[in-house]
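Only one chain is included here, represented as structure tokens and corresponding to the form predicted on its own.
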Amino acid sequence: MTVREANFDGLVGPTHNYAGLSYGNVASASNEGQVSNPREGVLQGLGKARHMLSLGMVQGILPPHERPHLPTLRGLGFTGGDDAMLASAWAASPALVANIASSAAMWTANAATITPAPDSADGRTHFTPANLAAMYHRSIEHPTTARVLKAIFPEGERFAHHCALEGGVHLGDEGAANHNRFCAEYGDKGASLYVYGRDAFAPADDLKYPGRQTREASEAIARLHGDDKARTLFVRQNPVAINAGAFHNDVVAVSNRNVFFYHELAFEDAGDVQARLRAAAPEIDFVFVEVADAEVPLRDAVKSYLFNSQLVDIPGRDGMTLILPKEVEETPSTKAYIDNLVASNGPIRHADIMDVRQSMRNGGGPACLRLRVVLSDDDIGALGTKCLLTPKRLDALEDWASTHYRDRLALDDLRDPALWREVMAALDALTGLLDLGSLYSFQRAGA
């Protein structure tokens, strides 16, 4: 039976904007206040998904969340009809409205941590939605994320779902962006590398920006999923990288099967990480592709999102492929590095450049936009929705986006009740298109 890695990309939401909410994310802060183009953003994301599908990859999508999230406002004491409540909230705090209108759920690398069936104690694929406690605008995501994941991967003999971790920032969990799985083949038993920024109950005096992932959160997820202790590593991300704007490990490192592509400063002691991985999984022929700071300065790696790329096996291609943002091509040091890399006849031999600039301006590259899930043919047959893409379904989604999305969104537009009604119409149409059922609060209330 074939076992493959599927990529589930987050759809850019209708309220995609540049509010600069993510402290420690350099791109998000530097573009704060600019006018966004949600329609261009969603079409760029669908263009990447179409490219992956055309290459023979298993490609799915995860839907946007309901934004602005009016149930959050009601929970904070705002009352009245939707229009009046939104107006009251804006009068009280435009910053609050910006937070509950964020489209950050499109970065599905933060949606959940996943342990595939070959690695779990009970032979099921395990999902834990990330609590994203470090940032308020993201901390409200996990209830919807959990409903989405359960709709696509039904609880039962193949898939197991856990609640998001409780404990607030002490057990801050940022999902798969801080988790790497290594294996010889996708269906083989693998080894896990969990990367954290700080300990939960001790000060991190060496951090300027938040260490969003805690060691204790990573350890809890590994226990809940039944990860093999002997094949599971917990490693701290280099504070230097976090302070440079690498708020998640996937800004400075990416893996695929036996290959680990990372920046020299991603970890405090990369040699120790290599030795521990080899000891944990001696049957895996690891290949470590370490990029020296002298070749690609850390600031260029963060600016270009060289490592926030997808490293994938493309059917029919010799060697692995990097799916890179255009900014890599536009940054001299990263362009020179990639040109040399693909010419070196090493494990990474192809580089496909994608335009996801609307996402990049908010600090999310190709890897941020996708959640990786290892699936067997039988797993794929057991999925519960129409979230796996086909060319026809992609055509329908592009038509949907062109119909429902604005091509211009300023921060002041977030107060517009008409925007909320447009979002409801768009999401209502999407749930029908993808057979997601009554996913959103406004749908469940109506039922």
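All residue numbers refer to positions in the sequence shown, first residue = 1. This is a predicted model, so every value here is computed, not measured.
Beyond what is shown, the protein has a form predicted in complex with a small molecule; the following relates to that form.
None of N110, Q213, S309, S304 but one reaches within 4.5 angstroms of the small molecule in the predicted complex through a heavy atom, and that residue is N110. Of the residues G172, G197, G364, P129, just one reaches the small molecule in the predicted complex with a heavy atom at 4.5 Å or closer; this is G364.
Partner proximity in the predicted complex, defined as non-hydrogen atoms within 4.5 angstroms of the small molecule, places exactly one of 356-364, 143-151, 82-90, 222-230 at the interface: 356-364. At the 4.5 Å threshold, heavy atoms of L21 reach the small molecule in the predicted complex. Proximity of A253 to the small molecule in the predicted complex: non-hydrogen atoms within 4.5 Å are absent; the residue sits far from the partner. Under a 4.5 angstroms non-hydrogen atom cutoff, the small molecule in the predicted complex lacks L371 among its neighbouring residues. Heavy atoms of A104 reach within 4.5 Å of the small molecule in the predicted complex, making it an interface residue.
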